[in-house]
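Below sits a lone chain in structure tokens, taken as the form predicted alone.
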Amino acid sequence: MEFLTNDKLLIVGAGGMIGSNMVQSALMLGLTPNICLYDIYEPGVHGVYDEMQQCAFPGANITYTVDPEEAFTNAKFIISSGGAPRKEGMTREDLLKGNCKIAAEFGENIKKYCPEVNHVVVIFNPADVTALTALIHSGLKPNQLTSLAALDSTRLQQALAHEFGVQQDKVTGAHTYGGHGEQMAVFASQVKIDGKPLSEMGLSAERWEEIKHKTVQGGSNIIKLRGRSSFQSPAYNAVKMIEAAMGGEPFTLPAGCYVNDDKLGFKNVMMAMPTTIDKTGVHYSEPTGTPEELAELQKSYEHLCKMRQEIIDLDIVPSIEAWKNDNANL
């Protein structure tokens, strides 16, 4: 079996449903034979290890551990789903305190054991602030760490495909920006349905608001339908992000990235932007939208600033002016 690279890929939280799906997706896509499974829950991660070996992927060199030093040492690529899962009735923000403490430890492990890592993807919620926390504590450059945001856009794409009865990949430009949560900004102005602008499709304002609501509540709906939070879709999207960072096909759906941009007026946050992830890291561009859409994005940014202040007040990260003491790249 041919692999994209031989570099070590570390899956954090590999004993869980998202983590185990990431392991399988990475092997099926042929990213690397060298995959380390890390989790604090030994029976779970051991079970995933056994199952992956029993898949008998040719050439695979799968290991597992509950020791962070063993896990992180020599890792060149990392995906972490190692936070607490979202349960019914919880918002992403409810998870903030506990998961940001986990993110801080995760970042410290990167700094201590694998400072030469190439790229890191953080996908546990609330991803905007867990990823920001991890970045501050890791010492990495901003273009080396991203968070999962594409899932909101693929949910919007799905809803529009169902609305107009077209194959999902015929819906283009269906993107959400800002926060990966209920304050996300849902953009319509760049959407095309089989090449035709959404504005020409006769979609009423009332129906658009319903589609926006369905997109924002997409994660909650999965919990209602399946009795647990999403795991297959975040796993696949995260693996495609790390594949791009390994030198595979560039990832062009929105990703959460660090933005500190005077021109755009967005300062010191992780947020979903128009992005491309490739072997050189993540690169963002200015969002294009109507004045109303850009106003929604501004509101989403302000919400992210409030969440950032919460983790500062909880002493999970220092005040902004002190971030350089932990990470000289910020």
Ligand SMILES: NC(=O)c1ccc[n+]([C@@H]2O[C@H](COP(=O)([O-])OP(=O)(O)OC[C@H]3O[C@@H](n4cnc5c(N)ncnc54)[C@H](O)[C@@H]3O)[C@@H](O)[C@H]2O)c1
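Position 1 is the first residue in the sequence shown; the rest follow in order. Just so you know, these numbers come straight off a predicted model, no measurement behind them.
Heads up, the form predicted in complex with the ligand isn't pictured, but that's what we're talking about next.
A.B. asks: Partner absent here, but in the predicted complex, which of 183-191, 248-256, 124-132, 164-172 has residues with a heavy atom within 4.5 Å of the ligand?
C.D. replies: Partner-contacting stretch among the options: 124-132.
A.B. asks: Can you check whether I316 is within 4.5 Å of the ligand in the predicted complex, heavy atom basis?
C.D. replies: Looking in the predicted complex, residue contacts with the ligand do not include I316, since no heavy atom lies within 4.5 Å.
A.B. asks: Do A244 and the ligand share at least one heavy atom pair within 4.5 Å in the predicted complex?
C.D. replies: A244: no contact with the ligand in the predicted complex.
A.B. asks: Just to confirm, M201 within 4.5 Å of the ligand in the predicted complex by heavy atoms?
C.D. replies: It does not: once the ligand is placed as it appears in the predicted complex, M201 has no heavy atom within 4.5 Å of it.
A.B. asks: Is R207 a contact residue for the ligand in the predicted complex, using a 4.5 Å heavy atom cut-off?
C.D. replies: Judged by the heavy-atom cut-off of 4.5 Å, R207 is well away from the ligand in the predicted complex.
A.B. asks: Each of G16, I40 and G83 near the ligand in the predicted complex, meaning some heavy atom within 4.5 Å?
C.D. replies: Answer is yes for this spot.
A.B. asks: What is the one choice in S230, T154, N118, N143 with a heavy atom within 4.5 Å of the ligand in the predicted complex?
C.D. replies: It is S230 that has a heavy atom within 4.5 Å of the partner.
A.B. asks: Heavy atom within 4.5 Å of the ligand in the predicted complex: which of L95, L160, I110, I136?
C.D. replies: Spelling it out, the residue with a heavy atom inside the cut-off is L95.
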